[in-house]
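Just one chain is shown here, as structure tokens, and it is the form predicted on its own.
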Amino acid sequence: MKPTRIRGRIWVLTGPDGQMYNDVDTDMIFHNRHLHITNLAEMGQHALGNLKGWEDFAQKCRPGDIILAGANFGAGSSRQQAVDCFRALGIAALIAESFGAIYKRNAINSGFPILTLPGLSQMAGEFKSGDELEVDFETGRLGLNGEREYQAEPFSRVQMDIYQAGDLFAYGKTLET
């Protein structure tokens, strides 16, 4: 069984003005010039390579890190690589104020842990890259540096089932016909 509670170092996606990035589209996450890459292990090196100020993210992050993003993260196309590049890097979870609908579905179907934290953009100053965040997927509870708590939307039952199975296809095999 996969862990339902994780702890990791956070990366807060802020722009040059210090404000949290909103409307990060799939081309900023994984540029279309890399779409020829089909090997999951090779995708990670291009994560956020087209987002101003974050071009070197893949070289700085470590497995187990957690990303915090603003509203409408993953807007745009149905580019699966925009989810897979984070999986390739071993990112433990992605928390955003909201997600583009297709991105959200792709992440859940891939078994990649995402959570929604309403109002995150307004409280972004409370989080700093490098801080430690504990995340409980079942309850949505977020603990920042063991001092502050926040309430994200917990995994739905289906999201948890898909996450535990590994992905949507593996989950489908567990269902009785």
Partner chain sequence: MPGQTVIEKIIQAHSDEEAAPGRIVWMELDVRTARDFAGANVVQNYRTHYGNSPVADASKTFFTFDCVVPAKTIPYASNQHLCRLWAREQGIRVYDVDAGIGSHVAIEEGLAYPGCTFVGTDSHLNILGAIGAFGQGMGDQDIAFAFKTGKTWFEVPPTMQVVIKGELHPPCTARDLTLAVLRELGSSGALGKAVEFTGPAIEALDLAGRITLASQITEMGGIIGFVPPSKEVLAFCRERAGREVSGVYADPDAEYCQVVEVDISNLEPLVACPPSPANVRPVRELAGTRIDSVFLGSCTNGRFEDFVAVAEVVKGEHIAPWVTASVVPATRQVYARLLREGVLETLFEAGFIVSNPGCGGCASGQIGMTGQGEVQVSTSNRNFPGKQGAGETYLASPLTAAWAALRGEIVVPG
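Residue numbers count along the first chain shown, from 1. These numbers were taken from a predicted model, which means no experiment stands behind them.
Below, we refer to the form predicted in complex with the partner chain, which is not included among the displayed structures.
Residue (of M43, I108, L48, L133) lying close to the partner chain in the model of the complex, criterion heavy atoms within 4.5 Å: Going through each option in turn, the one that passes is I108.
Any of the heavy atoms of R5 lying within 4.5 Å of the partner chain in the model of the complex? Contact check for R5: no, nothing within 4.5 Å of the partner chain in the model of the complex.
Evaluate L168 for contact with the partner chain in the model of the complex, applying a 4.5 angstroms cut-off between non-hydrogen atoms, and reply yes or no. Heavy-atom contact with the partner chain at 4.5 Å: present for L168.
K104 near the partner chain in the model of the complex, any heavy atom under 4.5 Å? Contact with the partner chain, yes.
If we define contact as a non-hydrogen atom of the residue within 4.5 angstroms of the partner, is M1 a contact of the partner chain in the model of the complex? M1: no, not in contact with the partner chain in the model of the complex.
Based on heavy atom distances of at most 4.5 Å to the partner chain in the model of the complex, which listed stretch, 48-56, 108-116, 26-34, 138-146, is the contact stretch? Contact criterion met by 108-116 only.
Sequence-ordered list of residues in 151-175 near the partner chain in the model of the complex, where near means a heavy atom within 4.5 Å: Residues within 4.5 Å: S156, R157, V158, D161, I162, L168, F169, Y171, G172, K173, L175.
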